[in-house]
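Quick setup: one chain, the form predicted on its own, written in structure tokens, and binding and motion questions come after.
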Amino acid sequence: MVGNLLLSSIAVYGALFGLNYALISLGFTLVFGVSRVLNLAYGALYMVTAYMVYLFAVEWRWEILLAALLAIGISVLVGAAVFLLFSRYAPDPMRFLLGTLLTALLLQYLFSYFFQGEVGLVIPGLAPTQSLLVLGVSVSPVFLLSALVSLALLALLWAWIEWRPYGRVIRAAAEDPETASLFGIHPARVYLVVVLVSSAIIGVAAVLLVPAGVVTPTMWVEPFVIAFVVAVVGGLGKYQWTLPAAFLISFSQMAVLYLTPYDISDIVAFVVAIAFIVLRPQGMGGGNHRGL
């Protein structure tokens, strides 16, 4: 009985956390796959969304759905502004990386200042608070809802890029922007569209997942680390491998958490990522060519 419950816990939490990791990581991987730049301000959009939800829903007492939509919209605008600023004035990949990292730190200190350094702020969620039983395992509806949304967004994004006309434009701009421009495609515009989509995705992740925790100025670090590790394991830019990479990390963490006497699950993600960098630097997706 205990063994079955143990395996159920690993299976359920591994699947849920894997889907949530994929939701957090999808936008980061997509942007790199198309534009070939590492946007280190990506995780900060998670924080921006959370603080905006707190401002609108808690301090101003707006309806949570309206607050969530406005917060996501603001994060999309911030993400687009950061990308446009550095893609125009610091297009070199290293300068872009440093600029977006400094922007993330700037946003951290700005929110700390405007909210007077308060930590542990709580925002309302879109899911009920009462736990559910899945295969005998108690599960928070917050994680269940975000996992379902993650599946839906993964499917929609795949269909958009692989089957819709604009998806062919995205793939062309990602594969060979110079040749694409000869056919009337504007790679810079394509990159901006992808940034808008990715910013919305991380905003959705914040709206769904932050209610399970608290809002703090440094909360952007964890989602960025998750996004970066998943991107490395899946293959930088290979958005199709986001979910398998997220599952590999989440199931490894749950196995270590439940089968060893020490809670070193947070270390596992780094160990897996380093192993891939050393043994398979192209990631699970393989290939050395540019593009998605």
Partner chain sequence: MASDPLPSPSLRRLVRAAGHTLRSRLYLATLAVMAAFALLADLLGSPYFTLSLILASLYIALAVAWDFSSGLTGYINFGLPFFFGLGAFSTGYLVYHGLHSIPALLALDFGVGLVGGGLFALPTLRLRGPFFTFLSLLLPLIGTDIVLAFWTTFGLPTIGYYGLPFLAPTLEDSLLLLSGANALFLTGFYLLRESRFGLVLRGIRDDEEVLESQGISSFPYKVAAFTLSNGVVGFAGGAYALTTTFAGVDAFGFLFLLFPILIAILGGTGEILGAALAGYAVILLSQYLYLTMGSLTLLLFAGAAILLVLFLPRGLLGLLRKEAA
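Numbering follows the first chain given and starts at 1. This one's a predicted model, so the numbers in the text were calculated from it and none came from an experiment.
There is another form of this protein, the form predicted together with the partner chain, and it is not shown here; the text below is about that form.
- With respect to the partner chain in the predicted bound form, the three residues L66, L69 and Y258 uniformly fall beyond 4.5 angstroms at the level of their nearest heavy atom.
- Only one listed stretch (190-198, 145-153, 105-113, 170-178) carries heavy atoms within 4.5 Å of the partner chain in the predicted bound form, and that stretch is 105-113.
- Within 4.5 Å of any heavy atom of the partner chain in the predicted bound form lies no heavy atom of Y51.
- None of the heavy atoms of L133 is located within 4.5 Å of the partner chain in the predicted bound form.
- The shortest heavy atom separation between L236 and the partner chain in the predicted bound form is within 4.5 Å.
- A residue is said to contact a partner when one of its heavy atoms sits within 4.5 Å of a partner heavy atom; E59 fails this definition for the partner chain in the predicted bound form, lying far away.
- Checking I185, L126, L98, V139 against the partner chain in the predicted bound form, a heavy atom within 4.5 Å turns up for just one residue: L98.
- For the stretch 146-171, the set of residues having any non-hydrogen atom within 4.5 angstroms of the partner chain in the predicted bound form is empty.
- Distance between the C-alpha atoms of E178 and A90: shorter by at least 3 Å in the predicted bound form than in the displayed form.
- The Cα-Cα distance between P91 and I74 is lengthened by 3 Å or more in the predicted bound form relative to the form shown here.
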